[in-house]
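Below: one protein chain in two forms, given as structure tokens, structure 1 then structure 2.
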Structure 1
Amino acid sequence: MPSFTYPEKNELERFVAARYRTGWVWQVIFLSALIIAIFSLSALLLNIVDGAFGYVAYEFKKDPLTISEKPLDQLNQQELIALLQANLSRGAYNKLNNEKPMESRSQGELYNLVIERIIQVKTLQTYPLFRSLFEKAAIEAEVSERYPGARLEFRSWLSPTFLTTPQSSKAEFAGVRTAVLGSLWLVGIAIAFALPVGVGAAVYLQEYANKKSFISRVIQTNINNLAGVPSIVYGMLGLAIFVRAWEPFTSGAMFGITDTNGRTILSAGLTMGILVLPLVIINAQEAIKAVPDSLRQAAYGVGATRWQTVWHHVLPNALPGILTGSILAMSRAIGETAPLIVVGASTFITIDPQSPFTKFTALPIQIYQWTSRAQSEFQAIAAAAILVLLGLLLTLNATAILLRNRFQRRW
């Protein structure tokens, strides 16, 4: 047998020093990666915030004093309705009244209608936040020179009105209410479909199927591959199956609804459910796999069947991991755009979704549509919509995390 000799003192010291140097180098590399990631995310957020706030130079096409002796913001509901009747054509007024009766609109809604339809605001120039904070004098001089008589005010494009107002063809009056509701419908339908189906598939593959069989290996390989398929492919699948093949169901025709086609929020939600299904299955499998096998053996030892073991012991202990998978699924579903475009999301819609069989839009679609516009004010409201999307995503994730922590079990 070869004899083993300990290294000499100097050689050992050099060896230990080399190990510490290698460890220090890798620590610096990992720390640098973390700093780069934090810097990139911070730069992204600052860029978005920079566009959502700032000075705006605008003018009124019609002087408010020519239509009312009192300031518009001091008019009551009936006076605002009278202004709309007096200054709009009968057809335009009746169209607005049919969309939503004037008497049921709030004073703020009527005020916005007067500004939008009668006064008609025209945005001349928008300025980003940091320039507005540090170059105020230069902005005022530029506006007075280039736009004589224009009004200059600091505006937050992200406001309560922005959240509660539907889309408009004019950026000054556009909001994200319809898009937010559409995104919530989409996520709800997708999770309602993907979570039970995904967990059921994971339970069968992990607890019942023969993992060494050829069929199980093929199924498992395909599930892993499907998790990396581009989302546009799922959009084409949704178009072929849910929009066209299942049109009587997804359009609501079999339930007596005849004013829609298959391009509904139900089709989009099911498409997103198919999109996140592999992710849910994989995460649920890992969560089930992490449950100690001793719990199963203890249940079998007292006479429990396999199903009783799964239902009363495996699933309750795997639930936190399953909810973690649902967080990832929601995060992907709420930010996807390509499948929704293929399935038929509307780029301009002002009617809130009332059922799964209605037309729809979503926040990513809204952001895409606004960023494609050349006007600077649309870029500003796109930045505000991105902040809304981030806030919605964080809210949904926080809810799932709270549920996960509530069901967390330690052993």
Structure 2
Amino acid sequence: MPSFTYPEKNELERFVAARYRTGWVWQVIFLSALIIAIFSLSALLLNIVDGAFGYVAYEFKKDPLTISEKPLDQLNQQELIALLQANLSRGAYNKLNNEKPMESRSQGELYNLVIERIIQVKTLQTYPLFRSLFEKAAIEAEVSERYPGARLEFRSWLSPTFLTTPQSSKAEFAGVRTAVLGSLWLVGIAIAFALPVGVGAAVYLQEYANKKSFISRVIQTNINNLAGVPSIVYGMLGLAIFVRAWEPFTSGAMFGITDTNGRTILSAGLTMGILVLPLVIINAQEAIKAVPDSLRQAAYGVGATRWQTVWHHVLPNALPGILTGSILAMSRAIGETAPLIVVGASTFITIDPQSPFTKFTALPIQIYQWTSRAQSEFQAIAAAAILVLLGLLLTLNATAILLRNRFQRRW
């Protein structure tokens, strides 16, 4: 028998200890990757929260105290209208009244009007949340030195008014109402297209096609590839087909609508629908795969046709999975930005979208726009809009998790 020499006794102990030490060091290194991930996520979220709240230094053209005894935000509709009448020139007042009768404007809208037209606020400087909390004195000193006469106020850029007011060219009065509505329209159209088509394709691949056949392998590979196509390429597709080639349809000209071009909600929604289609298909396939074969056999065994089996048994049992997948697809659609830029989302829209044939803006488009502006107040509303977007995503994902738990299958 050959003899092998291995470390013994002390040497062995040292050797093993060294190996364990190496192992331990690497375990820490592996774990630190996850810690970096956690750190990045926290930094990202804190950075956004930091931007969305904080002190703002304002300058007024007219001091609110000189035009009203009560604080402005406590005035009712009538009082606000009176204020506007008293402080605006007749022409300016009538013009506003013609745009939208004063009586039909909400208290919030009127308040914004007073601030915008009479007080004429100008933001001089915004401060992030954490500085505002911990360096209040320094901020006050800085403001009184640099902007004498300015008013310092703590502002939450994310507010109920922010959610309910439309766009404005001034950050102080801008809201995300039109953008949120645009996003909802988009996601609605996208899922209305992608869900039936996606589930149909998944049913075809899982229940009808011979999986080994050439055609079904081509379709499957193709779907996996579509899932990896950059989103901006879908934007180019949407631009060439929906916006341009199908303009008579997507602009609504076919239906007698004349004042738009092809850059409508419909074009963008269909583009998004195609973009999320592979996602819907792949998720629906997984859900259908999870339905046990014994159930299909049971149905065929009592003389069901293929479609009866699919419609009465496979789909109902795959439904929670399909819905969860669709919600994930909706999350994807609601956050996608690049294709919307290409398809031609408008960046400035102040009226609510009324039909699929209107110009539109969307939440991520607003975020992109505002982030790209150099003024700090726009970056503040970008942060507030991001919080709205993350809120929407959170709601969607919570729904998905609830669905999954509620309908968990027993097999």
Partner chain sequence: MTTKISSLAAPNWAAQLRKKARWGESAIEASLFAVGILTILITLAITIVLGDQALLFFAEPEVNLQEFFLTTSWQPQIGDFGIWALVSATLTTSAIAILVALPLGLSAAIYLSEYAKPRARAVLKPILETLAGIPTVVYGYFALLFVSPIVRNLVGVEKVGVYNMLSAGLVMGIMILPLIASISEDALSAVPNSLREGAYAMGATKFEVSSQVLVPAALSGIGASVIVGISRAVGETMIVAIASGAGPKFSFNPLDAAETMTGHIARISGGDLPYGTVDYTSLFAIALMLFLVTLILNLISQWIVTKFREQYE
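Worth saying up front: this structure is predicted, and the values here are computed from it rather than measured. We call the rigid core the largest set of C-alpha positions that still match within 1.5 Å between the two forms. Quick note, the numbers are simply positions in structure 1, starting from 1.
- Legend: structure 1 corresponds to the form predicted on its own, while structure 2 does not.
- Comparing the forms between structures 1 and 2, the C-alpha position of residue 84 differs by 2 angstroms or more, with the core used for superposition.
- Taking 2 Å as the criterion, residue 249 does not count as shifted between structures 1 and 2: its C-alpha moves by less than this amount when the rigid core is aligned.
- When the rigid core is held fixed, the Cα atom of residue 34 travels 2 angstroms or more between structures 1 and 2.
- Aligning the rigid core between structures 1 and 2 leaves the CA of residue 63 offset by 3.9 Å.
- Comparing between structures 1 and 2 on a rigid core frame, one finds that residue 93 has its C-alpha moved by 4.6 Å.
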